[in-house]
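Below you'll find only one chain, the form predicted on its own, shown as structure tokens.
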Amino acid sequence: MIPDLLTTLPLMPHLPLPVAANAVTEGIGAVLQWDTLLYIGLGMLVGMLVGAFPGVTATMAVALASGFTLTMEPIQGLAVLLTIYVAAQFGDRVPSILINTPGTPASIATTFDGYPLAKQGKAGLAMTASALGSAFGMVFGIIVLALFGIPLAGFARQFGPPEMFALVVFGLTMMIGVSSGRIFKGLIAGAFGLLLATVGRDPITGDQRFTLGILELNGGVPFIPVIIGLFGLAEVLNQMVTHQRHKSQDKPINQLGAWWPGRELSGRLFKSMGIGAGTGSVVGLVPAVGGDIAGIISWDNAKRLSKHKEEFGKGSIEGLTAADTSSTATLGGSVTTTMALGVPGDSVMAVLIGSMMIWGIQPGPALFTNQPSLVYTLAMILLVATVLSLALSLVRMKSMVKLLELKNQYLWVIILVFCMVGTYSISNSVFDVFVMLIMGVIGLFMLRFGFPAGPAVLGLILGPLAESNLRRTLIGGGPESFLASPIALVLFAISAAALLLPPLRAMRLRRKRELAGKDEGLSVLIP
């Protein structure tokens, strides 16, 4: 049941100041309760450990934790899941800097300069700069959420069935379009998710379909077991099959050196933080474009604007700070698009939507406008989690070096147990465990053959929304309704560009390389 704090007056552009102030105080007050703060602390510890262990992604951790949080009140559950996500953004920098292995995909760009700095005996300085940049980026992203969440939701509130269907298509194609160049496989994964979404009852008539006579499927394929199987169990099975170890077989660097930057370095840090925050906040508003992409873009921007370009890739404190600031700044924008539009900003937000729907909270245009206090509740959770994670990150974490030497086999056992127990605890159903196991095997197949899991989960979650709005549009006004909506046409055009431009760009680059190769061959033949 949703707490009374979420049932506030609708927020309109002409909202009276006392009502707006009431929404702010209610939203913040919901977080400043001892039990909610306790859950934030628990999420912080889990998230830091998750980030520190290579191979255990934030998506996997949030998926596993979601099974245990469904019995909590929504605010408490959101506190745990969001804090895990925040803290993982800090913890994943540790292995990136000390063993040159990203703790999560968001810290890929951290390895560009973090590990070279550690080899120079500046690991402590690198970890401090990373923590400060991550905190600055997170706070900047929180400001984006507080400023743009409600206006964006108010704009999207005007959407009818044609616009909502176009918005779902936009979100799905954006995740497919950034599937590491695997667009065709992303399309197949998305189609698989949409196929799963058709199981259960017809959203218009209520008739049963594709249930195969299984009573448990009348309500559709359960979200959480699918998510845990695809992101949790599949990753463990993949590591067990491949015996995946750290990319670097060297022992973690344990000579951390100095921890605090001097006055000269501090000035360079502030400039890099500004570049990273600006880049990350813009990238984060685009659905499905996560911190890994933002970090790489910001690192490149910082290099072009730096007076010390020669240091980048060899141990640049500017490159490290810009990348980490940008990758965390995306979180605020990701939460904004997820809650205000109902379209997941990244794979973690897709998992979060599944949990919220079970709690009875439907992300989308009506959420923030009808429940404005929720904006400030989410912002406060993120802010408290950021402050606590920063404080823990600035402690000399020599003990983390020992944790990095822990064998993966121990982690596999722990994660497998959590997968089983977490799935069963959702509804005390053995059927859910079977669904999780089946999806784990399917997820292993997808990992081994390069099919991204994100579009599949997104298709499952957004499929019913897409189908119901498409059918309402066709029944109400026919296909012409899409042509009469400028917003729908723009979203369809962007969606088409997200699918077509990457392969066209790849073909163009391939053509250039072929022409360059022919020119080199002619230059060799002609004296």
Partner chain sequence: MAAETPGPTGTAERPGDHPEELVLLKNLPYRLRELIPVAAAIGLGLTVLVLVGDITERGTGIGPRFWPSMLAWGLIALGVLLVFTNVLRGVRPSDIPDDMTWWGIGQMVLTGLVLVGYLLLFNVLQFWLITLVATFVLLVVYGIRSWKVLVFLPVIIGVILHVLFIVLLKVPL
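Residue numbers count along the first chain shown, from 1. Because the structure is predicted, anything quoted here is derived from the model rather than measured.
Just so it is clear, the following notes concern the form predicted together with its partner chain, a form of the same protein that is not shown.
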query	finding
Residue 162, heavy atom within 4.5 angstroms of its partner chain in the predicted bound form	no
is_contact(residue 505, its partner chain) in the predicted bound form, heavy atom dist at most 4.5 Å	yes
is_contact(residue 157, its partner chain) in the predicted bound form, heavy atom dist at most 4.5 Å	no
Non-hydrogen atom contact residue 270 with its partner chain in the predicted bound form at 4.5 angstroms	no
Options 415-423, 223-231, 329-337, 358-366; stretch whose heavy atom lies within 4.5 Å of its partner chain in the predicted bound form	415-423
Whether 313, 451 and 475 all lie within 4.5 angstroms of its partner chain in the predicted bound form by heavy atom	yes
Listed residue that, although its partner chain is not shown, lies within 4.5 Å of it in the predicted bound form (heavy atoms), from 217, 194, 394, 152	194
In the predicted bound form, the residue from 45, 28, 466, 494 that sits within 4.5 Å of its partner chain by heavy atoms	466
Neighbours of its partner chain in the predicted bound form among 189-209 [non-hydrogen atom within 4.5 angstroms]	191, 192, 194, 195, 198, 202, 205, 207, 208, 209
